[in-house]
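Listed next as structure tokens is one chain, alone, in the form predicted on its own.
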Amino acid sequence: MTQGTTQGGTRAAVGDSEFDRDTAVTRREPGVYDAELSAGWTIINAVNGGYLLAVLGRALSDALPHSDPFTVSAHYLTASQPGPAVVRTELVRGGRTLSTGQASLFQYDAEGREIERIRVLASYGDLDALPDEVRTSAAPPDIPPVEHCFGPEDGPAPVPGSSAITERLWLKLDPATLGWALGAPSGKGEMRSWFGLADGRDADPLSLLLAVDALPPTAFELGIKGWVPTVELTVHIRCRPAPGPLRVAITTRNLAGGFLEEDAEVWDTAGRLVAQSRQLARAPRG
């Protein structure tokens, strides 16, 4: 069960990987950060929502008294494009165990006008200070071994222009959720996959913000192809993930009025539920 490696044959470390470089922010002044959105994380020419959430999450990690995201809720206002961006943060409330802040990401249009792309409200804390007790009825998704799963390299891109982000991810999808790739979608609205970063970097709380939004849309298994833009995405980070590949399961139960929800769970190699999310997305027409 192996993930990718760098060109030198070694796994990238947290803090020294493509993901870290591409989500980096530079503090211009207190509460204001400059960022460069990479074209490497695009899906059909728009920047992936999970990647964008990680950029904002990194700025909030620096701006708030606590460094670990516990819950992050984002509204995607306009489609972000590769290139320069500005993140503005504000401390809403600082407490002993939790601090709450808000952040917005801005870009400029052709006339130089500032456009708000995303607005986030988040609570941060210290994941290492959480108690060890777990009482749960949740169970990890049943995904076949990696050698019996398939990655983007095993078939054509599902939609034109969708290959950039897949080159930066290590995905091995459950064959039971790949009917869409064979022209026979199941209609169940499910997607399951082993997940990691292509350079082998282990997961951390910030990369979990990417993981919940990095699989092919469940709309594909509903028989609908095309861009599925996120309207709102809320992520709960439950604990710091253990090293090794993650298991991600996403389900959609209701497509109505041109919108669908996606519920995601992310599990680590220790069998722990490390992240959960729900998003509302606009369904493609067709």
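A residue's number is simply how far along the shown sequence it sits, counting from 1. What you see is a predicted model, and the numbers here were worked out from it, not measured in a lab.
As for the form predicted together with a further copy of the same chain, it is not shown, yet the points below apply to it.
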query	finding
Candidate spot 73, 78 and 280, all three touching a further copy of the same chain in the model of the complex (heavy atom, 4.5 Å)	yes
In the model of the complex, the one of 146, 86, 130, 176 near a further copy of the same chain [non-hydrogen atom within 4.5 angstroms]	130
Partner-proximal stretch of 197 to 205, 165 to 173, 146 to 154, 120 to 128 relative to a further copy of the same chain in the model of the complex, 4.5 angstroms, heavy atom	120 to 128
Interface membership of residue 32, a further copy of the same chain in the model of the complex, 4.5 Å heavy atom rule	no
Contact of residue 276 with a further copy of the same chain in the model of the complex (heavy atom, 4.5 Å)	yes
Contact label in the model of the complex: residue 45 to a further copy of the same chain, heavy atom within 4.5 Å	no
Residue contact check: residue 231 to a further copy of the same chain in the model of the complex, 4.5 Å heavy atom	yes
Within 4.5 Å of a further copy of the same chain in the model of the complex: residues from 237 to 263 (heavy atom criterion)	238, 252, 253, 254, 255, 256, 257, 258, 259, 260, 261, 263
